[in-house]
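The form predicted on its own is given below as one chain in structure tokens.
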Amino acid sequence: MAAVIETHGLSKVYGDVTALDSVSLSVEEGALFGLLGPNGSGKTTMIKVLTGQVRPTGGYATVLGLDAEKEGIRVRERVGIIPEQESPPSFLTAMEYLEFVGAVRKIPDIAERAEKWFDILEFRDKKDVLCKDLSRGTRQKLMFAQAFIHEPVLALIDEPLINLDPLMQDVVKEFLIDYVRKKNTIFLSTHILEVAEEICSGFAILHRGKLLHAGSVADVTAGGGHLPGFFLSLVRKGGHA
């Protein structure tokens, strides 16, 4: 299958901090790919670089065949994004926010699509509530809806299960699994290793900006192993498996 995300020697330095250190990675079409790492490992920076929100210090990345640095606007037009800890505008209702997203993305049937998402994520009773008055969990549902409402072929999502209760986490996981069955691709950043093992087909481990490993989840679990144990062993040894 063709690669929908490719990075070559990708680096990002903030002052004295190296957030990404010469990362080369490839994600194939149709993957549910998990980007794993401790807090501060560079996961969020990676998503920001891939979506053209942050310029790399070195190397380059392509997303859907587009140069992420030079064609960031086109990348963001085509993909879905759930950023880290970003809330919808406080002065809009949930419905108004999705209508705003629809206007920006030129979605003609936005009202119909929004209604579907209120049902999928079970927050129809909050559609006319101002975003500032929504709970963290409901705001997360809204951010999830805006990322997928235009049915992108690729979504880059940062900690999508945060603030969701166990029942809704299960709904979201099932949605993601079904989404890639339709030949779409998910690039999922998380530090919840059990979730990655449960739903991801491929994964990569970042630690202190360095890529320690990239491969398939099946390769780790085939002999009775588990992704959390593999991850902890690799990170604790500094990348020497």
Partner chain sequence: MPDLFSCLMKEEWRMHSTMFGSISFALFPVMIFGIVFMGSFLLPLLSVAFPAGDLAFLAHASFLLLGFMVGGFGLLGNEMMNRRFGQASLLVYSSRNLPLSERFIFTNFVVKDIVYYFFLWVLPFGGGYIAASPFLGIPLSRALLLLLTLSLSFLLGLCVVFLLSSLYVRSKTACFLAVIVPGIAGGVYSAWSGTNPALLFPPYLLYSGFSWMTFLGISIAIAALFTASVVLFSPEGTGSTRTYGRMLGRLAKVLSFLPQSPIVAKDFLDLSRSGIGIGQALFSFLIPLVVIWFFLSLLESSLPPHGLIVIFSLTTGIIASTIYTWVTEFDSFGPYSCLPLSVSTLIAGKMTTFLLLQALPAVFIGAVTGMSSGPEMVAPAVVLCISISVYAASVMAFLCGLFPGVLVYDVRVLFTYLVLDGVALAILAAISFASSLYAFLSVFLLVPAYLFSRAAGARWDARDTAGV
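Positions refer to the first chain, counted from 1. None of the values given here were measured: they were computed from a predicted structure.
This protein has a second form, the form predicted together with its partner chain, left out of what is shown; the following refers to that one.
For the options Gln53, Thr62, Ser216, Ser26, the one in contact with its partner chain in the model of the complex, meaning a heavy atom within 4.5 Å, is Gln53. Here is the short version: of Leu92, Met168, Ile162, Val153, the single residue with a heavy atom within 4.5 Å of its partner chain in the model of the complex is Leu92. The closest non-hydrogen atom of Phe144 lies beyond 4.5 Å of its partner chain in the model of the complex. Proximity of Phe148 to its partner chain in the model of the complex: non-hydrogen atoms within 4.5 Å are absent; the residue sits far from the partner. Although the partner is absent from this view, Glu77 contacts its partner chain in the model of the complex, with a non-hydrogen atom inside 4.5 angstroms. Its partner chain in the model of the complex is not approached by Lys116, whose heavy atoms all lie more than 4.5 angstroms from it. Between 27 to 35, 201 to 209, 54 to 62, 179 to 187, the stretch whose residues reach within 4.5 angstroms of its partner chain in the model of the complex through a non-hydrogen atom is 54 to 62. By the 4.5 Å heavy atom rule, the three marked residues Ser87, Tyr97 and Asp133 all count as contacting its partner chain in the model of the complex. Annotation for 61 to 83: interface residues with its partner chain in the model of the complex are Ile73, Arg76, Glu77, Ile81, Pro83 [heavy atom within 4.5 Å].
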